[in-house]
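Only one chain comes next, encoded as structure tokens, the form predicted alone.
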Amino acid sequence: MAISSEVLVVGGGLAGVTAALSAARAGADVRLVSHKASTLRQASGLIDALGYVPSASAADADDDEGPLQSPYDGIDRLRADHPLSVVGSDALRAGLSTFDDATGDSYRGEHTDRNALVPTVGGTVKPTARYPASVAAGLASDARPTLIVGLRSLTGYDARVVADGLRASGVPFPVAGAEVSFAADFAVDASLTRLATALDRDEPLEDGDGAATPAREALAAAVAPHLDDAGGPGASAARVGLPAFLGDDHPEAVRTELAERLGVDVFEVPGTPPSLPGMRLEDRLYEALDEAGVRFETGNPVVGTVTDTGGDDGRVDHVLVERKNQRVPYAAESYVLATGGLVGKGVDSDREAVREPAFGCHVPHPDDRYDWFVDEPLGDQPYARFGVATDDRLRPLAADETVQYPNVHVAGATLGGADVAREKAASGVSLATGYAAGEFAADATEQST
């Protein structure tokens, strides 16, 4: 006997979670299944709705329009097959509202339609519609002198390089970088998660002389001598940016104590994986699923679909989920497919073709693989837009452009038509199409009863 629900969401990233919340709040009985850990854990935790509109010539990303003051300003100039064009600005607003409800006080930016500019570890500023509370004191629109701090034991993050990049990008504030030593205990064990745990627990750390100091006090003592290095005469730092390791379970308490000890605001600079802001976001979104009554399970892939044998319209009757080497049927009235794109293997390719492996949805692409890319590294790469094409209710289209599965709705990076890395639109596409797909799935369920 199949495990049944009214709506089955396949995929546990931002699009899948948003679809599940959207369908549940529309009154549907919802289950979510996902295979691998969501890409949220590898992401920066920033919610980029739409930061740039690719140039019409598409010859070079340097010609793109942006950064946009508001993500809504650019939607009407995107390609017709772009997912944000398909679902429209109202779906983006609704998706962001769903996100705000789920994340509560842990995120900022809901008070305005304008994008905020957030410094990143790459020394750039990223246009983003929502950002963690832990980065709020670091916005690039703030003119206060800023000190960026790195730890000598951390590889892949050099505070002086970050500061140089920010100055080169034209930020309106004095900024300098400083590398500090943070407790001898971490000389060979300096993963971000280990540092976060030490700060959460305020663990006593031994210095080189054998004395023990609580972790938060030790970090503040390492940073304090550099506060006057923020960028020229009279430019003592009014805020300090650190790598995003300021606690996992208690980030606000860690940040508050550091700010009190230093006498300046403290913020995190979002960085590379593993991402504490991404992990915190994942935890909060799954708590929201639980609160909404969505049943979810992870670690089990969808390995096939079975269409309705009693009809000829191609409806999916049930999917097969692999659990402990057995194929278990999961049945639903409607399905949301949100397994990710090329990076997350929700869309896969080899030398011969591009395919969507879970449901077997058609993925349009040139027959000749040499037409999948262009020579210019920053040019308009066709492969970046590979994904499932849909109708206006996000139902997948077959090669002949008819609806392939009438009770399947596609969301997030599984959709084609967007170059989200170039457009800084990954979260916007996931939230807008996740919300819309959840609504469509719940609506179809209601009509069938």
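Given the structure is predicted, the values throughout are model-derived calculations rather than measurements. One-based numbering along the sequence shown.
What comes next is about the form predicted together with a small molecule, which is not displayed.
With the partner omitted here, the residue from Asn407, Thr390, Gln404, Ser38 that has a non-hydrogen atom within 4.5 angstroms of the small molecule in the predicted complex is Ser38.
This chain appears without its partner; in the predicted complex, the one residue of Leu394, Ala28, Leu46, Ala418 with a heavy atom within 4.5 Å of the small molecule is Leu46.
Pro364 falls outside the set of residues with a heavy atom inside 4.5 Å of the small molecule in the predicted complex. A residue is said to contact a partner when one of its heavy atoms sits within 4.5 Å of a partner heavy atom; Gly16 meets this definition for the small molecule in the predicted complex. Proximity of Pro301 to the small molecule in the predicted complex falls within the 4.5 Å heavy atom cutoff. Shown alone here, Gln42 lies within 4.5 Å of the small molecule in the predicted complex, counting heavy atoms only. Heavy atoms within 4.5 Å of the small molecule in the predicted complex are found in exactly one of 28-36, 379-387, 65-73, 396-404, that being 28-36.
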